[in-house]
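Take a look at this one chain, the form predicted alone, written out in structure tokens.
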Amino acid sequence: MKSQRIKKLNEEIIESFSQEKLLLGHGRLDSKLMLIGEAPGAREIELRQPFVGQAGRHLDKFLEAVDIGRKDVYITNVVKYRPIKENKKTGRLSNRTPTKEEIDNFKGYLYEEVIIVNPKIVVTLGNIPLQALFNENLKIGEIHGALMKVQLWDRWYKVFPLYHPAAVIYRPELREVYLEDLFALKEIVDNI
């Protein structure tokens, strides 16, 4: 049932965004945990899997530290294609933060994806997924590691906000905070 529903949703996304290289959600549809990132990067689009670049390696290490296997979670992104910008000097493409319009274009799909997977806990990775779920300008630095609730259509979901794994790359001082938050998440997961 879930697999048929997610397949239908994915077909709708592909049809709506046929001009883009998309990366759809991956993982166990019966997972207790659903991780939501911002948008795929170049490596993710190339390999057709979420969180396989440098941030993904950090995520894997963190999940391993709290004994949560990647195979045991469902991972998706708010925006399903890579938002890019061009460096005027070099002509190279790089990732950029999704625009409000891009986020809004995918919000309905994201909500439906959460409802189909129906996890016990939704883990937001960074500001963008947090703001997309709550429709508010929440800041991860102010509420990371705090169990929250959000209503999506007629259902309530527990949400656990984490920093994006890439934050630790750019701000190594967050590593301990990130691990503390993960251990708090692990304790919650173990008790559901």
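Remember, predicted model here, so these are calculated numbers, not experimental data. Counting begins at 1, following the sequence as shown.
Separately, the form predicted in complex with uracil exists; it is not shown, and the next lines address it.
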key: Segment that reaches uracil in the predicted complex - one of 49-57, 155-163, 142-150, 25-33, heavy atoms within 4.5 Å   = 49-57
task = Would you check, heavy atoms only and a 4.5 Å threshold, whether L130 touches uracil in the predicted complex?
result = no
ask   = Taking heavy atoms and a 4.5 Å cut-off, does V123 contact uracil in the predicted complex?
value = no
message = For a quick check, can you give me the residues of 112-130 that have a heavy atom within 4.5 Å of uracil in the predicted complex?
response = none
